[in-house]
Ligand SMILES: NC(=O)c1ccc[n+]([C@@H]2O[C@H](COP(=O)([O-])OP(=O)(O)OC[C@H]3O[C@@H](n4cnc5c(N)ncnc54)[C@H](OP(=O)(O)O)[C@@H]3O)[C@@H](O)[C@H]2O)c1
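Here we start with a single chain on its own, the form predicted on its own, put down as structure tokens.
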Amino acid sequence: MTVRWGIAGTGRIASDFVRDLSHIEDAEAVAVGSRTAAGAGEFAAARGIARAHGSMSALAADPEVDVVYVAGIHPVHREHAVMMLEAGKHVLVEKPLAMDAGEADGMIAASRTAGRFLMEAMWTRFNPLHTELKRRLDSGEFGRVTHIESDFTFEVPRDPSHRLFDPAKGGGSLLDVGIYPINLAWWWLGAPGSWTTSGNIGPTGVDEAVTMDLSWPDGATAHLTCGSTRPGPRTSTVTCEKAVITIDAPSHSSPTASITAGGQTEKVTAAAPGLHHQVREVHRCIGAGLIESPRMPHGESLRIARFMDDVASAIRGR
């Protein structure tokens, strides 16, 4: 049976999602919603989508849509997701799930009340390279993780109207890209026991660089960095008792890594990354009657949202 997808938003990530959805045989993008009928119509016509809706409420009311991908800017995630859930749709929300933990908590409550699936689209957790490395880690092959270094720092011209620098559009590097190093550390090590942070707040009032140092009761540590105004390595290195794993740049979406153990280096190449890998998980969970994914459960999204809230407050001295 084909799962019918609606797309809430018409930006770049929405376009990428529709492109990658074509890799899934039992998935079809059947409708798109936008703030205007013209914007929805143009997006739909360019991608062969049958129906274009000039409002999110019209998309929510579309009886031919089973699941909605919420692809708008961060501040609309909660509103759009709750609207779709209350209309009986399953929902996949582009990361971050919400602007803060309070919004995330409300979205999770709406999912549970409606009995509909909700997942944060943390697509790194479903990409073939990352899942294979995590499988090998869990098998005991690498031993215990002792340290993680992960960066997502890149350079964008500082434009106050750009979504990365506009507070009204959910700007800031922490929410946009810092969530990737954080997710790597939490996925491989769990919630940290303690942490410290520092950051730079730019002229528009959003964080432009953040450094986080985390530690765990067993002695493991992590050094995580993100930023939006200078180039960075964008690699991840995971040091374990028996091996050192280096994920090539950009490590959140790389298909390649190297594993050094016993004086030998193994090159690992996996299938290409893409947004469609998480779609398979959405379909699997819906078919099993689940309202959350064991790989990216509600509680994990909520705990990470709370952590990012705390980091954001700390770098502002609150």
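Just so it is clear, the model here is predicted, and its values are computed rather than measured. The numbering used is simple: start at 1 and walk along the sequence shown.
Although not depicted, the form predicted together with this ligand is the subject of the following passage.
Participant: Would you please decide whether Arg280 lies within 4.5 angstroms of this ligand in the predicted complex, comparing each non-hydrogen atom pair?
Facilitator: Output for Arg280 is no: heavy atoms all beyond 4.5 Å of this ligand.
Participant: Report yes if any heavy atom of Val76 sits within 4.5 Å of a heavy atom of this ligand in the predicted complex; otherwise report no.
Facilitator: Looking in the predicted complex, residue contacts with this ligand include Val76, since a heavy atom lies within 4.5 Å.
Participant: So, in the predicted complex, is Tyr180 in contact with this ligand at a 4.5 angstroms heavy atom limit?
Facilitator: Judged by the heavy-atom cut-off of 4.5 Å, Tyr180 is in contact with this ligand in the predicted complex.
Participant: Is Trp123 one of the residues lying within 4.5 Å of this ligand in the predicted complex, judged by heavy atom distances?
Facilitator: Because a heavy atom of Trp123 falls inside 4.5 Å of this ligand in the predicted complex, the answer is yes.
Participant: The chain here is shown without this ligand. Which stretch in 60-68, 258-266, 33-41, 285-293 comes within 4.5 angstroms of it in the predicted complex, by heavy atom distance?
Facilitator: Heavy atoms within 4.5 Å of this ligand in the predicted complex occur in 33-41.
Participant: Only one of Glu103, Asp248, Glu149, Asp176 gets a heavy atom within 4.5 Å of this ligand in the predicted complex. Which one?
Facilitator: That would be Asp176.
Participant: At 4.5 Å by heavy atoms, is each residue in Thr10, Gly72 and Arg163 next to this ligand in the predicted complex?
Facilitator: Checking in the predicted complex: Thr10, Gly72 and Arg163 are all within 4.5 Å of this ligand.
Participant: Taking this ligand in the predicted complex, which residues of 80-97 have any heavy atom within 4.5 Å of it?
Facilitator: Contacting residues: Glu94, Lys95, Pro96.
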